[in-house]
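Quick setup: one chain, the form predicted on its own, written in structure tokens, and binding and motion questions come after.
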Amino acid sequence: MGELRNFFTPLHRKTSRNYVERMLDDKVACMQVAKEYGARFWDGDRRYGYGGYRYDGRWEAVARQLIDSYGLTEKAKILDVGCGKGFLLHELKRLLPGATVAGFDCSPYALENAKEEVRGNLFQHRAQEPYPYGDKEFDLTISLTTLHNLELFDLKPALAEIERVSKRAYITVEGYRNEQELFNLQCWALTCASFYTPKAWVWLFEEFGYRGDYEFIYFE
């Protein structure tokens, strides 16, 4: 197994959340809208998702940590599974202009509204389907807050494909360590399909042959 990382958690903790308010706000209907991954999920009201997912430079700190931790150079090839609007890839490309970046997402809306600088490197695809790349083609594959949206039977092929195309990999998923965090996660999550403790996630990684690095974010 890889290492437990702490790249995304500081950014995740900067957002304040009212868990009970979201649960009581016609949450089933909001979940149905969110799972369309359309305009309302990305740029509509906060009750449906991000509440306006716009570029503001917040991903630069994460990009710098990835570069430093994995020794990425101008010759690096980087893949983002579930790239959204490509903000993190944009930061990586800005810091490493010579690097090759690629990404895919299931959302046509996100791809159409991706950062112009990397939009041509992105395409529509699902994380659980075979990737159009060769074995160990990428120096680093990343996937942040995407894989927990898959059901168990889709997690296995997604993790297998990430492992196959990557020399090194890093993923972030939602988890919980106690009953309070489970309650908060269930209140807040709109698209999550896999609710597991860190021990359960690690067991799944090992069971499905994923040997890369990982991080868990919690709703404290």
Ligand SMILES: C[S@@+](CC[C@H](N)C(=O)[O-])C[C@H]1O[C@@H](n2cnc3c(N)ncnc32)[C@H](O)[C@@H]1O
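When you see a residue number, it is the position in the sequence shown, counting from 1. Since we're looking at a predicted model, the values are computed, not measured.
Heads up, the form predicted in complex with the named molecule isn't pictured, but that's what we're talking about next.
**Q** Within 4.5 Å of the named molecule in the predicted bound form - does that hold for a heavy atom of every one of 107, 127 and 146?
**A** All three within 4.5 Å in the predicted bound form.
**Q** Looking in the predicted bound form, any heavy atom of residue 42 within 4.5 Å of the named molecule?
**A** Flag for residue 42 set to yes.
**Q** Using 4.5 Å between non-hydrogen atoms, is residue 150 touching the named molecule in the predicted bound form?
**A** Residue-level check for residue 150: yes, a contact with the named molecule.
**Q** In the predicted bound form, does residue 188 come within 4.5 Å of the named molecule, counting heavy atoms only?
**A** No.
**Q** So in the predicted bound form, is the named molecule close enough to residue 183 to count as touching (4.5 Å, heavy atoms)?
**A** It does not: once the named molecule is placed as it appears in the predicted bound form, residue 183 has no heavy atom within 4.5 Å of it.
**Q** Name the stretch: of 66-74, 45-53, 24-32, 162-170, exactly one has residues whose heavy atoms fall within 4.5 Å of the named molecule in the predicted bound form.
**A** Going through the listed ranges, the match is 45-53.
**Q** Going by heavy atoms, what in 59-79 lies within 4.5 angstroms of the named molecule in the predicted bound form?
**A** Just 59.
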